[in-house]
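Take a look at this single chain, the form predicted alone, given in structure tokens.
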């Protein structure tokens, strides 16, 4: 699966979170195309539309400015997603997936019922979901990053993994999550030069597979019990 990350940020060089995300995507250069709108002097509609055709997952990535994306993303949408491209004949984006990676300067607790913003992020990002539905795309649950500069090192490491999964994991159920981690371990094992490290990575991958199978079996057992009790 190839992923196109369309980044809309007016000050990329000064953005801690965007540069962190860009570095996080670097190991997946064969699968992920980083497309910074700020570097484009003039939009070439044919080139942009070709990028959309050649990728299976499209990601809109931006900071939240006054409950919306920066102007460059709106300009891109208005210019590139023409009616002739999106709807004439076979819909070229149908069956692809659309995700949103959004960063905010305030804590996530404010984007909930009773919070200071009086709206959830899902409500604020609703227009992108509608765009996805209109184009026949699958809309992914947004990945929200709140107050990046305050995140601990551990939290940043977890964000790195979540972001890499968001870009490259085919689906987001539990089995696919386990499979993704196993694949990353196997790949690191294949490039490791130290034999002891190779053995450790292989052991971790085997253990992950084993534990994943056990948890999957347990999940099926719980589901069956609930069905028998009338809860399923």
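Numbering follows the first chain given and starts at 1. These numbers come from a predicted model, not from an experiment.
Unshown form predicted in complex with another copy of the chain; subsequent notes refer to it.
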Query raised in the report: Does residue 118 reach another copy of the chain in the predicted bound form if we count a contact as any heavy atom within 4.5 Å?
Result: yes
Requested in this report: Classify residue 28 as contacting or not contacting another copy of the chain in the predicted bound form by the rule of any non-hydrogen atom within 4.5 angstroms, answering yes or no.
Outcome: no
**Report entry** Distance check, residue 162 to another copy of the chain in the predicted bound form, heavy atom within 4.5 Å
**Finding:** no
Requested in this report: Indicate whether another copy of the chain has at least one heavy atom within 4.5 Å of a heavy atom of residue 107 in the predicted bound form.
Outcome: no
Query raised in the report: If you check in the predicted bound form, do 75, 123 and 135 all have a non-hydrogen atom within 4.5 Å of another copy of the chain?
Result: yes
Query - One residue of 50, 43, 38, 68 in contact with another copy of the chain, assessed in the predicted bound form (non-hydrogen atom, 4.5 angstroms) - result: 68
Report task. Answer with one of 81, 145, 151, 140: the residue that has a non-hydrogen atom within 4.5 Å of another copy of the chain in the predicted bound form. Result -> 81
